[in-house]
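Presented as structure tokens, the chain that follows is alone, the form predicted on its own.
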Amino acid sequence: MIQTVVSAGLPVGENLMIQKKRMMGKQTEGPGSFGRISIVTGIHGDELEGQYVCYELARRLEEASEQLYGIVDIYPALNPLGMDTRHRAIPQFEMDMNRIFPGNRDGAVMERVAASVVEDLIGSDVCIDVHSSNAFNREVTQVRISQDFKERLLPFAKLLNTEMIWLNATETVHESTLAHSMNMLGVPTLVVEMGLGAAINMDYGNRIVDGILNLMREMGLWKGAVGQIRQPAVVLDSAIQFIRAQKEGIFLPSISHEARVEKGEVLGRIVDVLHTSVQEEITAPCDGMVFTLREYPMVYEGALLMRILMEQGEESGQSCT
């Protein structure tokens, strides 16, 4: 069934409406008792990977509805105005929705909207917040977890069929995000990130859907089929090498996304088109896997070109430089 989470009038005569699809299966243990998982996406209007995840998850659940034993709430567009206009922030307000949670019932209109979303999510046993990368960089499938919630979230994250789990240092986590707010309110919430902004990679999406079904099976919410599940690498910030441009120009990578690279290997060049010159040659500082790769070719000094997951660096804090 389709339910309206919140509806708010806007100054320009438009109406902001956030809706969810509720799918109810068989009753779990105990009279009137259902387990519940919530899938949210579309906080940023230019992130479309979650649209496929929502569609494909709902399609599979509808095809085998007799195998569902709880409640699945799917929120495909928390920022519907941004989705309609392919705008990352909330149009007109020019506000990043993922910086206003948990909201405020007595605040401005978007603070009230955020508060309504939070209230609706409370009661979920688990929440999955699905994101894409931006329009500049491509990411492998990954779960990002704050160190503050590691003990509670890591067992869930390992079930989600991603390439890696990135344990973020506390000081790098924004407290006004949906995930942080829900975790503080007692709802285990994991951030999934993958792909490229304004694009859909169905292979990545299918991996995440398999992971969500795997998690639901462990929770007792799903008795149906689940695809093959991979075991993720669990990494700290110290196991990741950031490679940034030292010069301006056009970035021409010589490796592909998810490539395994060796220390000293040439990864790409930044060129000056007018003068037909190589401004910078980028080499690998270590052995590892390229899990973030810049797709947008024009770069400036300091722009992120790629991230490399160091080999033998999982949770070890080892450096390869």
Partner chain sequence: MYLKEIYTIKAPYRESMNIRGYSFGKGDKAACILGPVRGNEIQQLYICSQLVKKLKELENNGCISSGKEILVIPVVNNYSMNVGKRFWGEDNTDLNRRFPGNPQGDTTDRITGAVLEAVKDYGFGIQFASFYMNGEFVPHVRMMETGYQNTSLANLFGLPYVVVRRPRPIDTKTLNFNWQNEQTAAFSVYTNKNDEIDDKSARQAVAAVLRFLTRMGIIRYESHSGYISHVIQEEQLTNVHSMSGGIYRRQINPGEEVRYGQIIGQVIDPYEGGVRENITAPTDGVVFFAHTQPLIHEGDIAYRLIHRLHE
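What you are looking at is a predicted structure, and each value in this text was computed from that prediction instead of being measured. Numbering follows the first chain given and starts at 1. If you superpose the two forms and keep the largest set of C-alpha atoms that fall within 1.5 Å, you have the rigid core.
What comes next is about the form predicted together with its partner chain, which is not displayed.
Checking Asn201, Gln92, Ser116, Asn214 against its partner chain in the predicted bound form, a heavy atom within 4.5 Å turns up for just one residue: Gln92. Of the listed positions (Ile122, Ala225, Ala108, Ala169), a single one reaches within 4.5 angstroms of its partner chain by any non-hydrogen atom in the predicted bound form, namely Ala108. In the predicted bound form, at least one heavy atom of Glu175 sits within 4.5 Å of a heavy atom of its partner chain.
A residue is said to contact a partner when one of its heavy atoms sits within 4.5 Å of a partner heavy atom; Glu248 meets this definition for its partner chain in the predicted bound form.
Residue contact with its partner chain in the predicted bound form: Arg294 places a heavy atom within 4.5 Å of it. Although the partner is absent here, Val5 lies well away from its partner chain in the predicted bound form, with no heavy atom inside 4.5 Å. In summary, the region of this chain contacting its partner chain in the predicted bound form, judged by heavy atoms within 4.5 Å and restricted to 139-147, 156-164, 227-235, 95-103, corresponds to 95-103. The partner is not shown here, and in the predicted bound form the stretch 43-65 never reaches within 4.5 angstroms of its partner chain through any heavy atom.
Core-superposed comparison between the shown form and the other one: CA of Leu10 displaced by 2 Å or more.
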